[in-house]
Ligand SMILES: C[S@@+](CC[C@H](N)C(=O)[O-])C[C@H]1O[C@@H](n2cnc3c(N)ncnc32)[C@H](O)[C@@H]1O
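What follows is a single chain, given as structure tokens, in the form predicted on its own.
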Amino acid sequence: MSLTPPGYQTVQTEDGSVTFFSERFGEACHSPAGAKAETVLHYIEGCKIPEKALEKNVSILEVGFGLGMGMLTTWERTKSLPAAIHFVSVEIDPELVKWFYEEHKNHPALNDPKFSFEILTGDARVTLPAYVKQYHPKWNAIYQDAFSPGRNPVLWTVEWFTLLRESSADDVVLSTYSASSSIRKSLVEAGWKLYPGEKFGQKRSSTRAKLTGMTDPEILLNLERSPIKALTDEPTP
């Protein structure tokens, strides 16, 4: 790995893969239990990418490009499958995007005609609505992998999840490492149906969301009992 981009520290995770610690957000891009293992569990398997790619072309939105692990791992797991993959990611830091292209300029994923990808660089609350307005995507999978709600709440609000819902296909699966009551309430208020996801590292659970079916009864009961409110764009009184 070449020089770490400014504002980051390199962190070795337990599965041998590397992540970055962001000085800006005070948080690592992945779990210390394993950056690649977490990516596979929550996003590739959590969104059922291989199963979808056996049946049809797949449109994926990733919230938080980071080191590019989500994109590269998706390519690895789908390169032998018949589907074409369209992968769109949002990333606020242009230095990370610059680092990625320098680090992986000869990677075969960047030249695979069946795998197209775009990185929307800048504030995702600006870049993604503009992209949606222009291209009218229908996401089959969403990797909700932003920095945590406590560090980056604007990408976990009711309004954000409403934007994602309105630009998704009926079969979409949204997957995230977080299981906090605040983000689950945000998802429910935005019209998503919630299901429990797998535990990983120190986290006892995670969250999967769809547009069909019914929210898991246990999740719904816990949310009804919780005094924590959904995150919104409205200022806290």
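Start at 1 and count along the sequence shown; that's the residue number. Since the model is a prediction, treat every value here as computed from it, not as a measurement.
If you look for the form predicted in complex with this ligand, you will not find it shown, but the lines that follow are about it.
Taken together, Gly46, Ala141 and Ala179 are entirely out of contact with this ligand in the predicted complex: none brings a heavy atom within 4.5 Å. Residue heavy atoms within 4.5 Å of this ligand in the predicted complex occur in exactly one stretch of 206 to 214, 164 to 172, 193 to 201, 66 to 74, and that stretch is 66 to 74. Using a 4.5 angstroms threshold between heavy atoms, Asp123 counts as touching this ligand in the predicted complex.
Looking at Ile85, you'd find every heavy atom of it more than 4.5 angstroms from this ligand in the predicted complex. Using a 4.5 Å cutoff between non-hydrogen atoms, Phe147 counts as a contact of this ligand in the predicted complex. The shortest heavy atom separation between Val132 and this ligand in the predicted complex exceeds 4.5 Å.
Taking a 4.5 Å heavy atom cutoff to this ligand in the predicted complex, none of the residues in 175 to 205 make contact.
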